[in-house]
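Next up is one chain by itself, shown in structure tokens, the form predicted on its own.
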């Protein structure tokens, strides 16, 4: 390259950031240090999007929320978008979800809104480069680290990805039953904890709740209130994503991946692992019903979901 020559453009430029677009991956495994797990809220969407472009399951990509970004590509790439049915276009032509699609330098991907669900995962062959903290590139918006300087995308940001051997954009069909179900109504399977006492089973189980507008990557608050037990002497205890918290106002909060690791509110229920991805698709106005299941049923549901996902990932990578 001669003196003064400009380096060839690489990666992609963010033209429009969307409502909340963040770099996410499989998250962190250091909750014992008080650091939330984070990571993509819809894990099956993240895994299947990465499998479509030949990435490892935990490769970093973009989680788009409610309204997506517009990206100008400066180099060719292989991308896929999985999750809620966002309207998307590549240079004005409809962009198919749940497919691997080659993009050429100079093309623009515009992701608009979605009429159902809340989030989708955009994977790029090679995986996005981003700031890594505690072994993960996931963005922690509250703490302000990981991903793109610990924040959501802004117009003008520059995305790059790791170089990877070519991977064909083979046609593949991803069965609807392994995709995370979307609203507007959700039946969530839960397990009771030792906080499920008194009238709480009758107040929380087998009745409809509505997702309020207070919903983010930390948690989704429900609109209807129940009689919450109060114990000022209650110690702070560990929390995990999927727990249902009962704050003093009685409006339950379902914890999502960025939730804190400890809390002092009662947590009478926890959503089973197989249904955790559904929490990432809860949209304000959606309704849900909590159905109690046994630990054996929860384990069987997780095993069945994991078998189906691993089989799909294996097929997509052949």
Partner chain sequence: MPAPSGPCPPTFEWLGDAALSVHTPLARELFASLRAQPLPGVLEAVPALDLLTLLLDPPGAGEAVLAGVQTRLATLRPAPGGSGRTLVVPVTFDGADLAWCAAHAGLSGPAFVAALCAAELEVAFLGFTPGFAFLTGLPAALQMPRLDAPRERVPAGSVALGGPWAGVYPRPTPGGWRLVGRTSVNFFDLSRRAPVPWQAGDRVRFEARP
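Residue numbers count along the first chain shown, from 1. Owing to the predicted nature of the structure, the values given are computational and were not obtained by experimental measurement.
Below, we turn to the form predicted in complex with its partner chain, even though it does not appear here.
Using a 4.5 Å cut-off to its partner chain in the model of the complex, not one of 99, 181 and 221 places a heavy atom inside that distance. Residue contact with its partner chain in the model of the complex: residue 32 places a heavy atom within 4.5 Å of it.
Heavy atoms of residue 277 never reach within 4.5 Å of its partner chain in the model of the complex, leaving it off the interface. Taking the partner from elsewhere, residue 295 is found to have a heavy atom lying within 4.5 Å of its partner chain in the model of the complex. Residue contact check for residue 149: none of its heavy atoms lie within 4.5 Å of its partner chain in the model of the complex.
Note that among 256-264, 63-71, 48-56, 281-289, the stretch whose heavy atoms approach its partner chain to within 4.5 Å in the model of the complex is 256-264. In summary, among the residues 238, 208, 156, 106, the only one with a non-hydrogen atom within 4.5 Å of its partner chain in the model of the complex is 238. The contact residue chosen from 164, 191, 226, 110 relative to its partner chain in the model of the complex is 191, the criterion being a non-hydrogen atom within 4.5 angstroms.
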